[in-house]
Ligand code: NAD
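Next up: just one chain, as structure tokens, the form predicted on its own.
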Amino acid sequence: MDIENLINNQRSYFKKGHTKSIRFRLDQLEKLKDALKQNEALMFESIYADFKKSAFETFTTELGLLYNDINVAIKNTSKWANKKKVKSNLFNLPSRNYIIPEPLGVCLVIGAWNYPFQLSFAPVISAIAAGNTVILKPSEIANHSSNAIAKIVNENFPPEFFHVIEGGIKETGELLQQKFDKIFFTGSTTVGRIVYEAAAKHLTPVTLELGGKSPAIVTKDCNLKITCKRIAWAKFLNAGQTCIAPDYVLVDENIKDEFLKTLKECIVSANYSFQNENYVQIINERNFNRLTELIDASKVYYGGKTEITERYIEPTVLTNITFDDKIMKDEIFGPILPVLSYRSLDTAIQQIVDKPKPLACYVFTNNNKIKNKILSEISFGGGAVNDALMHVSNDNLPFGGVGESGTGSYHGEAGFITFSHYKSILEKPLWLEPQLKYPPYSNWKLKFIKWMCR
């Protein structure tokens, strides 16, 4: 399909007001939910072909979250779209003041490969709830999942409202040359910069969901058994191919040895493997080779085995790591967990602060003073205390990055806001017209205005 014609048709459809009706939005959300349910088998098959990912993990990490997102949007869209009254100020009495949420228009959503369904459809749900038309470009890297997304959408929705464009760099480049009313991108910081630059030419607002080196800070007064269990699950879920996975651990040196021992026990107990349906492949050989080069055999505490024919990398823990090691330069995005230790919490915090702001940060402690210190001194997108990853599952928590880890947020009402413009209106009656602001100016008017301002 010709991209320029597609965008023009969507713009024409939007300008005719079809998408602004709340009933229309709710109907489309119901239709999307039904289309997903009817194609669950297809999605399970396609994501298995891309990752060897089990139906259990596909549902719990992707489809279940999407169904929840749709249900929340259906329940709340009418409330979110309501005109919101605000107070007047002294200068404008008497008057009515209110804010009207309105859709932005034609939106481009560029999905990511690591959770191809969830990261493609979640922003689409927000865009539809806000009353927009959508062009979705799923990642070509998870090719089978991209094909499934295109089939589900293009067979169930008219292209002038919602359509999927498949392809790679060429197709993405063609899309970015066009003018959109909103672009939502999930992916790497490197590509995020390209998207941002392209959007700037049209002054298109952009939401970027990127990544970074998300730390997990473990203090000596944590519950070590639960801490290790939760870190291991969060890190090795999807073989570490999760943008908010703990990228590395900073553990108090007083409990480092015990932490490593307990973490190993948790990994062994989980028995990660394709056969047990709790582990997945690395997405492709390029990423497999990139990750294997990060494993320093002399620093492997546990794991380290690899098999290129299956794109398998064993859950791996590295120790005796410093911030100067190669693995600490960029986001890992794989099943390799470096463990660093600290003597001084202040020093550990400073080491994190000196790096680009991470997408997530996790604090494992039973000390409220330490918890509050870390949360107040480190800037990051979002995170958890005594858990990891699970903040993404709460629609009441806006999800997004800060600095190089992203700009803007979504999920729940935050997603509706992201795809909306909030139009501010002041409405005055005609029966009263104070002369204070009109000429002729005078000293008493100025004195009165000064009094009002103070």
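Please read all numbers here as calculations on a predicted model, not as lab measurements. Numbering starts at 1 and runs along the sequence shown.
Same protein, other form: the form predicted in complex with nicotinamide-adenine-dinucleotide (NAD), not shown, and the subject of what follows.
In the predicted bound form, do 51, 288 and 334 all put a heavy atom within 4.5 Å of nicotinamide-adenine-dinucleotide (NAD)?
No, the candidate spot makes no contact with nicotinamide-adenine-dinucleotide (NAD).
Would you mind picking out the stretch of 131-139, 378-386, 221-229, 293-301 that comes within 4.5 angstroms of nicotinamide-adenine-dinucleotide (NAD) in the predicted bound form, counting non-hydrogen atoms?
That would be stretch 131-139.
Does at least one non-hydrogen atom of residue 113 fall within 4.5 angstroms of nicotinamide-adenine-dinucleotide (NAD) in the predicted bound form?
Heavy-atom contact with nicotinamide-adenine-dinucleotide (NAD) at 4.5 Å: present for residue 113.
Looking at the partner-bound form in the predicted bound form, is residue 103 within 4.5 Å of nicotinamide-adenine-dinucleotide (NAD) by any heavy atom?
Taking the distances in the predicted bound form, the answer for residue 103 is no, it never comes within 4.5 Å of nicotinamide-adenine-dinucleotide (NAD).
So in the predicted bound form, does residue 207 come within 4.5 Å of nicotinamide-adenine-dinucleotide (NAD), heavy atom to heavy atom?
Outside the cut-off, so no.
Taking any heavy atom pair closer than or equal to 4.5 Å as contact, tell me whether residue 313 reaches nicotinamide-adenine-dinucleotide (NAD) in the predicted bound form.
Residue-level check for residue 313: no, no contact with nicotinamide-adenine-dinucleotide (NAD).
Taking 4.5 Å between heavy atoms as the contact cutoff, choose which of 176, 327, 234, 339 touches nicotinamide-adenine-dinucleotide (NAD) in the predicted bound form.
Of the listed residues, the single hit is 176.
Exactly one of 345, 194, 260, 270 has a non-hydrogen atom within 4.5 Å of nicotinamide-adenine-dinucleotide (NAD) in the predicted bound form; which residue is it?
Answer to the contact question: 194.
Quick one: which residues from 11-31 get a non-hydrogen atom within 4.5 Å of nicotinamide-adenine-dinucleotide (NAD) in the predicted bound form?
The stretch does not touch the partner at all.
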